[in-house]
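Only one chain is given next, in structure tokens, and it is the form predicted on its own.
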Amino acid sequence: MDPSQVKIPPTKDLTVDNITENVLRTNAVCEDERTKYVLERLVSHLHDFARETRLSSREWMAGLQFLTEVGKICSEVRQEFILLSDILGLSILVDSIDHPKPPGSTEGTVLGPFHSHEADDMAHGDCLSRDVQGEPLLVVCSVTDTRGRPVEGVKVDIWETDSTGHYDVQYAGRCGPDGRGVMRSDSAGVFWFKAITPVPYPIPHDGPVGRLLRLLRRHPYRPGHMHFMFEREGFDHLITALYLRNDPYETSDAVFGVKDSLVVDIGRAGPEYAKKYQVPEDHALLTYDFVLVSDAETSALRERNSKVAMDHLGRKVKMVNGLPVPDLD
């Protein structure tokens, strides 16, 4: 950037007491209101963090080295930064803020580091997993809006681990996707497929995030679950998962993703299900009714929640594209 094209306020003789206001004044030349506001709060909180903890140079360098290691281990099939966000509870917090849910709708949860766009299209009744060691599971679900009306043509992205607790992308030399697929709800809002019963598993803990967990004396395990992602024009994007009740890690998920409304029981197929879906009686069965929220509902709720939160913090804001920025008028 040509220095002659920008006007930077003069800054000299910076101290513990005046560094923050000077950085904020320098950043204030940014023309994008939202970017300027986000950076203002980020800098303010980072500086307060350093002052409150009396952060040492050695500690700060250790933090920088940790983040450098997190970046180095990231790859197309392993996103260590997402994992770090997950174990700090930031992922679930951001999802809850950005995708608020009215009562009766399906709650969201974390995406996790192993979602992949490399997934085959599936027809209803297809098998998600090729793992013959897993317990066969029939999954029958429906999708409705908040008024109970079936939603047709929803793109449903589904993924789960194999019976050893590993995702397909964790295997070197794998031959295409497995344990994942994409399908669409029918005219009744229904989609169904065959899979395997989810099992608990540890998140990758052989890298910097794993070392942090050990330092904090936390375990790396997640309860058995199956991921779902829903997309359809006019509806808020939903990332969620279903968790098995009474899993040993149901109440201590390493990434804080479990919510009561997403905990399910594995049932057994009776004669009606066995006949309709061509499975043996007593076959493991998972059923769930997903409820999507319209874009308009979500936008209104997000803006209302933002105003309440800003009022609580004593901040005068206005909404721009549904997001708060300082109201300086």
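This one's a predicted model, so the numbers in the text were calculated from it and none came from an experiment. All residue numbers refer to positions in the sequence shown, first residue = 1.
There is also a form predicted together with a further copy of the same chain; it is not shown, and the following applies to it.
Here the marked residues 13, 52 and 92 all reach a further copy of the same chain in the model of the complex, each with a heavy atom within 4.5 angstroms. Just one listed stretch, out of 115-123, 130-138, 152-160, 79-87, contacts a further copy of the same chain in the model of the complex at the 4.5 Å heavy atom level, and that stretch is 79-87. Put simply, of 62, 264, 46, 300 only one has a heavy atom within 4.5 Å of a further copy of the same chain in the model of the complex, and it is 46. Note on contacts: among 194, 184, 232, 99, the single residue with a heavy atom within 4.5 Å of a further copy of the same chain in the model of the complex is 99. Though the partner is left out of this view, residue 104 does not reach within 4.5 Å of a further copy of the same chain in the model of the complex, counting heavy atoms only.
For residue 285, no non-hydrogen atom is located within 4.5 Å of a further copy of the same chain in the model of the complex, even though that partner is not displayed. None of the heavy atoms of residue 188 is located within 4.5 Å of a further copy of the same chain in the model of the complex.
By the criterion of a heavy atom within 4.5 Å, residue 215 is counted among the residues contacting a further copy of the same chain in the model of the complex. Within 4.5 angstroms of a further copy of the same chain in the model of the complex, the stretch 10-38 places a non-hydrogen atom from each of 10, 11, 12, 13, 14, 16, 19, 22, 23, 26, 27, 29, 30, 31, 34, 35, 37, 38, taken in sequence order.
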